[in-house]
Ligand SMILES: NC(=O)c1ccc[n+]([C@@H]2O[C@H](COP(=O)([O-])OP(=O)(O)OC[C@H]3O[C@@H](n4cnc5c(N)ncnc54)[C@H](OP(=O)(O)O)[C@@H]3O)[C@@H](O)[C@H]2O)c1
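In the form predicted alone, a lone chain appears below as structure tokens.
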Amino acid sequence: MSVELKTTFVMAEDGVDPNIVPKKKLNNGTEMPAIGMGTFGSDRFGNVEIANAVIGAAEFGQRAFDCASVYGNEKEIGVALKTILDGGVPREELYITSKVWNDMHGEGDVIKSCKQSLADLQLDYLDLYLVHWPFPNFHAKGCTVDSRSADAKPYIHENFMKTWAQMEQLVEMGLVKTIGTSNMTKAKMELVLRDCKIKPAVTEMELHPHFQQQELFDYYVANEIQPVGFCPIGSPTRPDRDKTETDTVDIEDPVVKKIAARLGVHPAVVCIKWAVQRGQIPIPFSVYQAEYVSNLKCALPDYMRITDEEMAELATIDKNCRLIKGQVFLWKENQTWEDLWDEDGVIAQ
């Protein structure tokens, strides 16, 4: 049986008032909700199923949605957003993010891609637009983890700044309120901050208890760049190609499970609450009502609380376990995924 996209919006009586969800003030003076909802369905969920979850989450008070052109579902999400807006939610109450994909970094392509996302999402502007990855390496949908594109290139700063200049132009055109980066490293960001006209206000990065990236996190905070954390519970539904034998599972960690038992919640809720209390903006994804409602409630200061002692204990369970390694973006056959992340402070060429 095929799933049909909902065309009605009814605010839930037991939903969360969006006005009481805390917001983070960004370096350009705008504000971003302290929690969002991801829309990457991996290879587990269909486009309509995800779009219906967007409507459902909005009915319970969720207003921030993290989208991307490469997810292939912005047209369906656009129908969902129109349903939400037609249902009485003011546009200024929504916070919509999208991202330019790697194959659209060329001259004029960033603006073209943004306009396509706006058309698909049925919006006049985006609240936040990100460069999805810092290099223009494209891979075919469904490719294996060891696939390599013949056109793949390393990070070339001069080229990236041409891409970033188009991001800045989108702000000047009024098509985008705020711009930022994703999957960046400190070595790359230092160059961007040196040469940009408009400073990134947000950076999206993998963040969960087993991959806390504390040094990089602190660097961004010190430079007034708001971290947004993807994979906040360790992404159990990530694509199979992104799974390796050495991956650990956050929600099975004894410390996480112990705190969950005290609070009487699922360990995934502890991961979301940890992210909120730490100061990043988590963007968990779920199509299930109980989960996306619980995720939203985690942003509320009076909804549970991990104690200072428990937060300190959670800080000790970091296993430096990166789940989204990005192997398909490598540009040489003999490279390992570590070359993407400048772990020695030097940008790999």
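The structure displayed is predicted, hence computed values, not measured ones. Position 1 is the first residue in the sequence shown; the rest follow in order.
One more form of this protein exists, namely the form predicted in complex with the ligand; it is left out here, but the text below deals with it.
Colleague: Considering non-hydrogen atoms and a 4.5 Å limit, which listed residue (283, 314, 32, 304) is close to the ligand in the predicted bound form?
Modeller: None of the others qualify; the residue that does is 283.
Colleague: Of these, 268, 192, 276, 167, which has a heavy atom no more than 4.5 Å from the ligand in the predicted bound form?
Modeller: By the 4.5 Å criterion, the partner-contacting residue is 268.
Colleague: Counting only non-hydrogen atoms, which stretch in 193-201, 260-268, 79-87, 156-164 is within 4.5 Å of the ligand in the predicted bound form?
Modeller: Contact criterion met by 260-268 only.
Colleague: Answer for residue 182 alone: is it within 4.5 Å of the ligand in the predicted bound form, judged on heavy atom distances?
Modeller: Residue 182: yes, in contact with the ligand in the predicted bound form.
Colleague: In the predicted bound form, does residue 61 come within 4.5 Å of the ligand, counting heavy atoms only?
Modeller: Residue-level check for residue 61: no, no contact with the ligand.
Colleague: Can residue 99 be called a contact residue for the ligand in the predicted bound form at 4.5 Å between heavy atoms?
Modeller: Answer yes; at least one heavy atom of residue 99 falls within 4.5 Å of the ligand in the predicted bound form.
Colleague: Residue 71 versus the ligand, in the predicted bound form: is there a non-hydrogen atom within 4.5 Å?
Modeller: Contact check for residue 71: yes, within 4.5 Å of the ligand in the predicted bound form.
Colleague: Is any part of 209-238 within 4.5 angstroms of the ligand in the predicted bound form by a non-hydrogen atom, and which residues would that be?
Modeller: The stretch touches the partner through 230, 231, 232, 233, 234, 235, 236, 237.
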